[in-house]
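Listed next as structure tokens is one chain, alone, in the form predicted alone.
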């Protein structure tokens, strides 16, 4: 990603912070695909601007002003993703990069108008919640990564990670989309890979793939 801005950093910190509201600099570097030195330089600037709490060798936390800024950027991005998919007709593996370009050049007024046009969507095409203009985040259903399901368990896809276009494109090839039902037919102990069933078709997938698909478990009658 070229010309990574403070908005990008704050969005990543918000999206990937743990339950305690913290994230390690190394994780930021991995998500943005930049060096740790570059991350350190930006974190120092964000701390000076009072967007984050930063101490060397410690986890990063957003300040109230940093969180407000990040939520607004995430809101812009996800509303643009919904618009690009529903109105423009772009597939879900293409909307992320386009939305990233548009979020930086949009006014809050435009985003608010898009939200009305789209009838106040609560989730983006990948299942991530869209903050309201007041900063409230829709309640997320309880879910587990597909990799945690046992043989014979099934559930509905409620979210997928949107970090990689190739990953999303591959999910499309497998027939995996939001609200699709997946049944775990077999789970292999030696490498934690899975055989899954979607619409009557069976596929072998890796543990890494399964860890990035999130499922709301449903009870099933037989396999």
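Please read these numbers as outputs of a predicted model, since none were measured by experiment. Residue numbers count along the first chain shown, from 1.
Note that the form predicted in complex with the DNA isn't included here; everything after this is about it.
Partner-contacting position among 180, 186, 41, 165 - heavy atom within 4.5 Å of the DNA in the predicted complex: Among 180, 186, 41, 165, a heavy atom within 4.5 Å of the DNA in the predicted complex occurs only for 41.
In the predicted complex, residue 36 touching the DNA (heavy atom, 4.5 Å): Contact check for residue 36: yes, within 4.5 Å of the DNA in the predicted complex.
Distance check, residue 45 to the DNA in the predicted complex, heavy atom within 4.5 Å: Residue-level check for residue 45: yes, a contact with the DNA.
Residue 24 within 4.5 Å of the DNA in the predicted complex, heavy atoms: So residue 24 counts as contacting the DNA.
Heavy atom of residue 69 within 4.5 Å of the DNA in the predicted complex: Result no; residue 69 lies far from the DNA in the predicted complex.
4.5 Å heavy atom contact with the DNA in the predicted complex for all of 11, 120 and 123: Verified in the predicted complex; spot residues all out of contact, no.
Listed range touching the DNA, judged in the predicted complex by heavy atoms within 4.5 Å, from 151-159, 191-199, 55-63, 171-179: Correct option: 55-63.
Residues of stretch 187-209 in contact with the DNA in the predicted complex (4.5 Å, non-hydrogen atom): Sequence-ordered list is empty.
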